[in-house]
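A lone chain, given as structure tokens: the form predicted alone.
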Amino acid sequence: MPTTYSDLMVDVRKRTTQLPLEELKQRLDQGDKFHLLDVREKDEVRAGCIPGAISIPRGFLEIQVEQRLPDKNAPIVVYCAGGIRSALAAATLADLGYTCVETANPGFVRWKELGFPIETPPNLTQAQRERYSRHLLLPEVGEAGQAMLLKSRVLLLGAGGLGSPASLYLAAAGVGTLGIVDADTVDTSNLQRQILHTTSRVGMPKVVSAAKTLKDLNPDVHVIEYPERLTSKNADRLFGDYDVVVDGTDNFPTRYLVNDASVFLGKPVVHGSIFRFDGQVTTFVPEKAAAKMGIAAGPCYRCLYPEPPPPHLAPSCQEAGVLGILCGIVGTLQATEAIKLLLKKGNSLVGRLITYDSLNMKFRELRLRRDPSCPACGVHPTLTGYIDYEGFCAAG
């Protein structure tokens, strides 16, 4: 057993395979498949790193590595600043059962001196690192993901029952720009479920009330107020600059309009709806959006509902009532879907519909399929422009 630091390093060098930096660059240039592991501290990584590296500080290696790198037979190249920490890390990985580990020598300092490629991670402020610290601990988010959220733009249709929880959690998560479309004012009857608003704001435009709440929650977030109804005339303007649309509308004419604008403009839509004690959530990603996101397109709202139901079968919340807490469940699921789309992580609800029965506390999942004859997203679409949605739903 080694008895001194020098003895330990001699032993570690014998047990680990050293990889010259020139050979590491060659492997990267030719696209070899392996994991590049940076075991420097976070403040070192913020100053620059080798492109594509996974960051796990040496002090957290034993705790995090099996979660971040579960395949113990996959090739791994470890690096640090000068080659010492990476050698110790490589030996630790071998002790943990990793079978194909090399250590880059001498390390990042020399890599940078040689003029090899480096990238600089997003430069979050200290205040942002503190605010989003729990996100930064998640490998699926980290500083890069948080920076993506801060640059993202989400349009919320409605500042009511669904828009309230969705916007609160999107703002808390640090989504940089939130657009809110709502032409209504705060009413006392809203306060049972629309948690963006307060008693002191009764009579205030909902977009103004929403902006006050969200800016107070997170000053990082830029809130854009649209005190107007979504119509065929303004849909292109409102949808144009946003990455994801969260649909919290409560009537069928607007839902069909949202769907058609989504298909025409290539905007993913996270749809939610509620009725009495029941709710549902799904995500619509049309062809144009799917191509940009690198995923398969799914069905659209017209595939799910080719025709609107008769009015007497779909009364509004004002007519039929709604459990206030239900809005929180459905709106939070919508916010979760939106964040996953922005981060390009996880499996979205494209092609799946989640239903929630709050009385019996049951979730169900239904599979949705694209309709080849759908007039909006089918093989030969016949819908090429906006229509009279009020008339369409009245005729249904």
Partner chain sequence: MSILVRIPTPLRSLTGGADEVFASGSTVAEIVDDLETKHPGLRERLLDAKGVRRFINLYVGEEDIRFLDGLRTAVKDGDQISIVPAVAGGA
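Keep in mind that this is a model prediction, so the values were computed, not measured. Residue numbers count along the first chain shown, from 1.
The form predicted in complex with the partner chain exists for this protein as well; it is not shown, and the discussion that follows is about that form.
So which of 98, 275, 242, 264 gets a non-hydrogen atom within 4.5 Å of the partner chain in the predicted bound form?
Partner contact (heavy atom, 4.5 Å) among the options: 275.
Among 345, 68, 369, 42, which has at least one heavy atom within 4.5 Å of the partner chain in the predicted bound form?
The residue from 345, 68, 369, 42 that makes the contact is 369.
Though only this chain appears here, would residue 353 touch the partner chain in the predicted bound form if you measure heavy atom gaps against 4.5 Å?
Yes, contact at 4.5 Å.
Answer yes if any heavy atom of residue 139 is within 4.5 Å of a heavy atom of the partner chain in the predicted bound form; otherwise answer no.
Taking the distances in the predicted bound form, the answer for residue 139 is no, it never comes within 4.5 Å of the partner chain.
Given that the partner chain is not shown alongside this chain, does residue 303 nevertheless sit within 4.5 Å of it in the predicted bound form, heavy atom to heavy atom?
The answer is yes: residue 303 has a heavy atom within 4.5 Å of the partner chain.
Taking any heavy atom pair closer than or equal to 4.5 Å as contact, tell me whether residue 130 reaches the partner chain in the predicted bound form.
Flag for residue 130 set to no.
Can you tell me which of 74 to 82, 224 to 232, 88 to 96, 275 to 283 lies within 4.5 Å of the partner chain in the predicted bound form, counting heavy atoms only?
Selected stretch: 275 to 283.
Contact set, 233 to 251 vs the partner chain in the predicted bound form - heavy atom within 4.5 angstroms
The stretch 233 to 251, when checked against the partner chain in the predicted bound form, contributes 248, 249, 250, 251 at the 4.5 Å heavy-atom cut-off.
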